[in-house]
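As a starting point, one isolated chain is supplied in structure tokens, in the form predicted on its own.
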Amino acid sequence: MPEPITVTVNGTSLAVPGGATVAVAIVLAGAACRKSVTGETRGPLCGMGICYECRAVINGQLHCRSCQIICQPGMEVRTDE
């Protein structure tokens, strides 16, 4: 099992397995990735970067596809919850 690393999701520190994607960290944090224009919560759908439903702010960069980015120690993730 990979060593866990610590990331921050919406201001809360969270340990995730090394090699996990940011989408995994968001799900483990119990958060949704974003809200639709009608206010519905959205989360990872395709898992391969095609649908863009998993977009989040990662280290200040807007609209990152969280299913395509591997967590790094100290990474800061924000969703629009």
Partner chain sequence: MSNITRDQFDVLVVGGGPAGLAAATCAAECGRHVGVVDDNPALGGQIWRGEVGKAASEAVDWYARLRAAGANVLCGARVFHQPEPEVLLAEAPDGPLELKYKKLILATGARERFLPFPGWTLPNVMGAGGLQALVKSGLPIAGKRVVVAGSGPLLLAVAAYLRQHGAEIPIICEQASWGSLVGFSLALLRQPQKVRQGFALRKQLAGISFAASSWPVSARGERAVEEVVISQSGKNKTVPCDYLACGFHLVPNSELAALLGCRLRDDLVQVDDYQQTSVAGIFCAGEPTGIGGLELSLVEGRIAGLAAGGSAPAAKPLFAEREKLRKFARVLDRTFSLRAELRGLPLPETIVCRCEDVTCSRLAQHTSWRAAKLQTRCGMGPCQARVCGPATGFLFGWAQDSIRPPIFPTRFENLITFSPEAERSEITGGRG
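Numbering follows the first chain given and starts at 1. Note that the structure is predicted; figures quoted are calculated from it, not measured.
What comes next is about the form predicted together with the partner chain, which does not appear here.
- Contact check for G18: a non-hydrogen atom falls within 4.5 Å of the partner chain in the predicted bound form.
- Taking non-hydrogen atoms only, Q61 approaches the partner chain to within 4.5 angstroms in the predicted bound form.
- Using a 4.5 angstroms threshold between heavy atoms, V24 counts as touching the partner chain in the predicted bound form.
- None of the heavy atoms of G74 is located within 4.5 Å of the partner chain in the predicted bound form.
- Applying a 4.5 Å heavy atom cutoff to the partner chain in the predicted bound form picks out R42, G43, P44, L45, C46, G47, M48, G49, I50, C51, Y52, E53, R55, Q61 from 42-61, in order along the sequence.
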